[in-house]
Structure formats: C-alpha cells, structure tokens
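The chain below stands alone, shown as structure tokens; this is the form predicted alone.
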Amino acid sequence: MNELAAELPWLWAGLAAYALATFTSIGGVAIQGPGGTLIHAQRSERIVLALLIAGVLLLGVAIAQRWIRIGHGPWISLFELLMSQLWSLGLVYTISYWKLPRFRPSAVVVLPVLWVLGTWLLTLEPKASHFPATYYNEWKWIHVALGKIYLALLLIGVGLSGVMILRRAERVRSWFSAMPSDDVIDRLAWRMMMLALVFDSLMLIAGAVWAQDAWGRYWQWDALETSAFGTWLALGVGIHLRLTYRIPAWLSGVMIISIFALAFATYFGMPYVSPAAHKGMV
C-alpha cells in the first residue's frame, strides 16, 4: 500500500470531484424551470465546470504519479485503462461543457456514466502491470489517442440523446427547458457521431499499422478486431439511417445510446476476454 500512497489519494480526490459535479448538475437542472431560477442554475453550472476541471487535473496527477512509479503509461490493465479513460472522457466533456453552454444540462446524463466507470474502478486491484515490447511503438500512441477522442465524442452524443429521451417524462421535462428544441439537439448529437466515425476510422487504420509493425499482420479477425469493426459498421449504419429517414427524436436517442453501449463493450470488455495479441493484461 505504501507504494500506492502517492497515487491513490489523487485518484480518489478526482473521483470525488466528479461525484460532486454530478450531484451539483442534477441539483442545478432540478431548480431550473418556468419559475425564474435561471440565475441559480447558471451558478450551479459554474460550480460544475470548476469541479470538472478539478477532477481532470487531479486524475492527471494520479496518472503521472502512476506513470513515474511503474515506468510506463497506464494503458495495460483494466484498472489503468479505466483511470486513463476517466481522465480523457472528463477532459473532452469539460471542453464541450465550457464551449457549448446551451447544452450543459446534458451533464445529468453524462456525469453518471463517468461515475459508473469510477465505481467500477474502485473495485479493481491497482497492482502494477507489465508493459510488453510490442507497445513501444509510435503508432500505438496514435491509436490510443484517436480511440479516446472517439469514445468521448460518443459520450457527448449519449448526453444529448438522454435529454431527448428524458424530455418525454413530464416530471423532468422542466429540467431541460433552457435547452434548444429536440431537432437542434438531435442535429448536434449526430454531428458528434459523424466526428466519432472519423476518429473511429482513423483509430482502426492506426491500429492496423501498429499491428503490422508489432505482430507482422494488419488484421486477424480476432474477437477484439471483429467487435471493433462491428461497432464501426453500427456507427456508419446509424448515421446512414439518420440521414436517409425521418426518425423520431426519442428513437434517434436510443440509436445513439445503443451504439455507445456496443463501443463500451468493445473498449472495456473485449480486450480482457479476447485471445488477441494486444489484449489487456499482457
């Protein structure tokens, strides 16, 4: 435990900041409505933004501490993958929260997702991992970076989709009264999905180049690669359906959340059950 003492307090503090941001965002939208409490809602949004920034910074310090302690980036074990994803997802969402103030109430959907990951992380053993020789490759870094942006864009789309679905419930409809119409939210959500498709495609290409350098083949159709390709197809089909047909907002939201669920299972599940050479816990 002594060797972990330098890194775990920063990790716990970062997760606590995310938790406080979650509760503050829910409280902020709950008081916003036709009764004229916009000032209080805006104040809570500033607090949420500050807590998100704090969470990202604290998790960044935790990652740096672990990197120094074990001698390589936290990309191998499930514990490390979750920790680095909580940082990258939080970073990209914090930027979108800052730059898109009209869509900030979507935090009541996004932040609980982050806390599902955070709770999962707290159940895992934080033991040091082994960094295989095949991971010393510049294409591996490009592959990882593109994947993090891709998943973060999907998460933003999930937040917007959740708003379109929750608006169907009379009890919480006032939470999102300050947000644009479902048509506007839907268009922005699918723009995020289109960007996600771009980064997903680049991630697969970078991963194939890395695989060629590391294992002498671009593609092998193992469980992880097949699931990643299936997710790419699902994302492409979803975008095609959205552009071709007039889909109700709630169904559009369900499509986006389903695609994210498939990507989530691919990203956080397949690397640890696949016999692939680049599986987790190598």
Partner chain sequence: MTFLRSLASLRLTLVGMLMLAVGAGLTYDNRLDLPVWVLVVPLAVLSVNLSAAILTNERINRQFGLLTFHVGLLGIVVLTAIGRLAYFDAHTELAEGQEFTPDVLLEIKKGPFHSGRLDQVHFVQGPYTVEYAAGMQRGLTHSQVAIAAPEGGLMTKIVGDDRPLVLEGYRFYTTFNKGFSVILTWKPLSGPPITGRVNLPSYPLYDYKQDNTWTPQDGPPIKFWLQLETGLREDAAWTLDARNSRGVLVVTQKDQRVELNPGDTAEIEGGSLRYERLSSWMGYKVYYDPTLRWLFFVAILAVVGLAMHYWRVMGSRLWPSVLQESRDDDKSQERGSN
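Positions refer to the first chain, counted from 1. Only a predicted model underlies this, so the values are computations on that prediction, with no experimental measurement involved.
If you look for the form predicted together with the partner chain, you will not find it shown, but the lines that follow are about it.
Asker: So in the model of the complex, does any heavy atom of Arg104 sit within 4.5 Å of the partner chain?
Answerer: It does: once the partner chain is placed as it appears in the model of the complex, Arg104 has a heavy atom within 4.5 Å of it.
Asker: Is the gap between Pro112 and the partner chain in the model of the complex 4.5 Å or less for some heavy atom pair?
Answerer: Flag for Pro112 set to no.
Asker: With a 4.5 Å heavy atom cut-off, would you call Arg46 a contact of the partner chain in the model of the complex?
Answerer: Result yes; Arg46 sits at the interface with the partner chain in the model of the complex.
Asker: Decide whether Arg69 counts as a contact residue for the partner chain in the model of the complex under a heavy atom distance cut-off of 4.5 Å.
Answerer: Because no heavy atom of Arg69 falls inside 4.5 Å of the partner chain in the model of the complex, the answer is no.
Asker: Can you pick the stretch from 82 to 90, 192 to 200, 166 to 174, 116 to 124 whose heavy atoms fall within 4.5 Å of the partner chain in the model of the complex?
Answerer: Contact criterion met by 192 to 200 only.
Asker: Going through 226 to 256, which residues have a heavy atom within 4.5 Å of the partner chain in the model of the complex? Please give them in sequence order.
Answerer: Thr226, Phe229, Trp232, Leu233, Gly236, Val237, Ile239, His240, Leu241, Leu243, Thr244, Tyr245 sit within 4.5 Å of the partner.
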